[in-house]
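The data below hold one chain only, encoded as structure tokens and taken in the form predicted on its own.
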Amino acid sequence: MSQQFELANCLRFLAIDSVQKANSGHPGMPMGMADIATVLWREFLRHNPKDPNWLDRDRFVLSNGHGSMLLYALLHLTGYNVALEDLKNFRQLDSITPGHPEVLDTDGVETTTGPLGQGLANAVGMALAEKLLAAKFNQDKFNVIDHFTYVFAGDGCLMEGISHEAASLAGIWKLGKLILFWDDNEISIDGSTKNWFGDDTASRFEAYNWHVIRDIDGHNPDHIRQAIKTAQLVDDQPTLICCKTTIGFGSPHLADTSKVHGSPLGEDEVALTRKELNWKHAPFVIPQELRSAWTAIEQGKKLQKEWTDLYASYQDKYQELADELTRRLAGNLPDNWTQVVDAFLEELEDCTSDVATRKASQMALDAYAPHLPELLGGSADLTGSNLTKWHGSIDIMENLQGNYVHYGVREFGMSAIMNGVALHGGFIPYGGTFLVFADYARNAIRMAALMEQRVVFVLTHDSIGLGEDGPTHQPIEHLAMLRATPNVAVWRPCDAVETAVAWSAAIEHKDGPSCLALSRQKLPALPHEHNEDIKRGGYILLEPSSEPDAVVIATGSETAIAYEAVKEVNAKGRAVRLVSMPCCELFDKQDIEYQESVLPQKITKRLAIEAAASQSWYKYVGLQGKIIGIDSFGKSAPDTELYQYFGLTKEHVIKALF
């Protein structure tokens, strides 16, 4: 038995034994892809287990994340902070080896994967970030950013529609340092894929302008090695390496069947597999000579030292560029950031004209973006509607030092690619679509929240205010859906001032995504006495002359309606407070004293108004409160007629208060 085969068996049996001990998991993929992983990680992958965040490391993405034990075994054997005990705790509570790889839990995991296809899209974002940063910061003889992004993906990843969206863009962008290994084993959960996956995958990727290497034996190290060498030489196309493998390789009875995909082999089959592969070691035992052959610590230190020396010389010669790169990679904002925001808010104090908040968003970008070269914008073919371009936007297809991406009609792909850009570092990505199409982007938004990534989703046409396009384009349930997603900051500003604050808050928010829900229609400027309170998510916009006996809570385009209604009833002797709530999530994070000062518990007469599903507002109005919302789908008509039809008017607010 060759040492190469034994090294691959280290991966196979760590996966087999961990899944068996947990009595849960997916052993088939690690068994099938172990040979590919062995060649890639031992001979090609540039990384340092003792510094998992080294800037110029190669990125490795396990898009078929159900095979997580393959990655955990690789991390353990090469020297990352993944101990043998961690493998034994696979899928257990609070372990660093959860069922699918999670970027916040485990050193060496580049992205959280599991929802199939998204890892591939994240990798496209990483490769894009590498290419753009290299164009900006590399200088002659100083390629300080120069690394590959490698991806493992299975049939399921390539069946998912997002793979089409992301792969198409990767080909257009000529991401030559993106290399995808397709685990072509023709098995998914339901069995043989022949009845539901008949694509000519190789031709499909060639049509995307990928370099395709066909017919690689995924169990032949020489084939794999040569394919990687060939792929690395192609600098103007991403590469797909088609690897023919056997799922569950080595299992006498379960190999090449769906039974080995998502279930432990069972003790008897584990024993038979040990015999079949001539693996004579007890569970979790790896002979020292094999461990020594696997470790990448010294090689990793050497590779990073070579780069560190290069970077030191780069800093000496290009100090300004090096400082900028350092700042961006650390996620820090420019020193003058607070002054930039304050100056723009002061400028807006003189703005009294009606402005759609999507336009106010563009105004904020015009003010902020010149100071933020890390902003990488884009839109899913709605640039002119989302108003995501600012006066300094430059298309990356025209100039690799640009800052704007046309994603085409690919909301899901755009969102997952932005997650990959954020994960790579060096950029704050933002991208636009209509709020109603947050449905298409939904799982990528969720993954941004789960991974705590600073990504900004610009979601315009936020209500029935878009009018004649009708119920297919009028979002109703979407705000409630986004607000129900943990760790997402959902902003629905009422005017230009709140929009400017929302943008500044989104840019400053490092630990999760922000969604900016913006109006198509123009909205009036409202008076704001304390702009600093807007960042608290909810604040008193209008206070009566005496102690309030009722509270109206409003958001977005309905705030102006509520403002006029509250002014009128207070002029007639009522004492009603108006609270603007542009971001429920931030308000909920405020201390109890502040929340009580805005929404006193003793005031039980409460009314909330929003042109969307009422579900978000019950926690604020309570059982005795009222909600003016929309709990049906919309209609096709001019926006003014729709607001009358659904009762979103000053008159209805006044009536509800009496």
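Since the model is a prediction, treat every value here as computed from it, not as a measurement. So that there is no doubt, residue numbering starts at 1 and follows the sequence shown.
This protein has a second form, the form predicted in complex with another copy of the chain, left out of what is shown; the following refers to that one.
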property	result
Contact segment among 522-530, 484-492, 551-559, 455-463, judged by heavy atoms lying within 4.5 Å of another copy of the chain in the model of the complex	484-492
Partner proximity in the model of the complex: residue 118 to another copy of the chain, non-hydrogen atom cutoff 4.5 Å	yes
Heavy atom of residue 597 within 4.5 Å of another copy of the chain in the model of the complex	no
Residue contact check: residue 55 to another copy of the chain in the model of the complex, 4.5 Å heavy atom	no
Exercise: residue 10 in contact with another copy of the chain in the model of the complex, heavy atom 4.5 Å	no
Listed residue that, although another copy of the chain is not shown, lies within 4.5 Å of it in the model of the complex (heavy atoms), from 377, 300, 156, 537	156
In the model of the complex, the residue from 573, 384, 252, 287 that sits within 4.5 Å of another copy of the chain by heavy atoms	384
Heavy atom contacts to another copy of the chain in the model of the complex at 4.5 Å, residues of 467-483 in sequence order	468, 469, 471, 472, 473, 474, 475, 476, 477, 478, 480, 481, 483
